[in-house]
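One chain comes next, on its own, written as structure tokens: the form predicted alone.
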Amino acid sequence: MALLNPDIQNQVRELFADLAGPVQIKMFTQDFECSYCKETRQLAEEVAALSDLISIEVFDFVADKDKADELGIDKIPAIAIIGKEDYGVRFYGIPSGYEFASLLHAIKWAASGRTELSAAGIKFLQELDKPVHMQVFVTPTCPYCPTSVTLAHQMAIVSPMVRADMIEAQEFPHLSMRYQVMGVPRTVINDVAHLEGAAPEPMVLDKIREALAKS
């Protein structure tokens, strides 16, 4: 049974009608599939089928360890969205509910390599000389979470020094506990700085500065 009904399929086809270039979806699962691995794989496959410019490869997290290591995949289910290059855009856990929109936005931005960030934000991010790892904890029922996820993913697309992960908090309880996720969205930067709620771009940039100063 399809996860996307015909109406949603048609809406996504329309959204992808003007994709600026090819996009690869790299999906990681394993033979003994984890919670939501099967559903995440099916969702990724259904989305890829809605545009000739989108291709998908499914990898086994254990058997294809070299590929997982190459892409920095350290847990499953995982999706890497790759456009002209690997921008460091990742989804850990199923991007369902409100996060389905985040997946679609990530594909659009990866296809073009362009974002909606401010000129000042782009300049700051492109001048980074230290790595920035952004982990955005979400739940599928959180209407504010996509704002934080899409902002982090845009920052990754702008700068090769930024890697941005959506993490479904309920699927990775050990990480939620480690990073004291009491509510979502919660953005953790380089393990040393964090933001609560859907913060605007300038506030997130300030937190990146804080994280770099601490790390």
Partner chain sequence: MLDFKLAPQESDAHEKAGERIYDLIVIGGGPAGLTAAIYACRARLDTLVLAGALPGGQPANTDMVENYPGFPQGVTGADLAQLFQDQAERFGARIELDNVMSVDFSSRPFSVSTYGVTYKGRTVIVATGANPRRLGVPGEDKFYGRGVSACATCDGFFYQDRTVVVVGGGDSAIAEGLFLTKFAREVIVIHRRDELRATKIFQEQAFANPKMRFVWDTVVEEILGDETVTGVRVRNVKTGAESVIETDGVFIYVGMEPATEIFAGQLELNEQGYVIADRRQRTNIPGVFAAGDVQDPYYRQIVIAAGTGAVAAMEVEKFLAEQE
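Numbering follows the first chain given and starts at 1. A quick note: this is a predicted structure, and the numbers were derived from the prediction, not measured.
From this point on, the text means the form predicted together with the partner chain, which you will not see here.
- Although the partner chain is omitted here, in the predicted bound form all of 11, 98 and 147 have a heavy atom within 4.5 Å of it.
- For the options 181, 37, 48, 162, the one in contact with the partner chain in the predicted bound form, meaning a heavy atom within 4.5 Å, is 181.
- Only one of 125, 132, 71, 104 lies close to the partner chain in the predicted bound form, with a heavy atom inside 4.5 Å, and it is 104.
- A residue is said to contact a partner when one of its heavy atoms sits within 4.5 Å of a partner heavy atom; residue 169 meets this definition for the partner chain in the predicted bound form.
- For the chain shown alone, residue 21 is not a contact residue for the partner chain in the predicted bound form, no non-hydrogen atom being within 4.5 angstroms.
- Though the partner is left out of this view, residue 94 does reach within 4.5 Å of the partner chain in the predicted bound form, counting heavy atoms only.
- Within 4.5 Å of some heavy atom of the partner chain in the predicted bound form lies at least one heavy atom of residue 116.
- Residues of 190 to 212 placing a heavy atom within 4.5 Å of the partner chain in the predicted bound form, in sequence order: 194, 196, 202.
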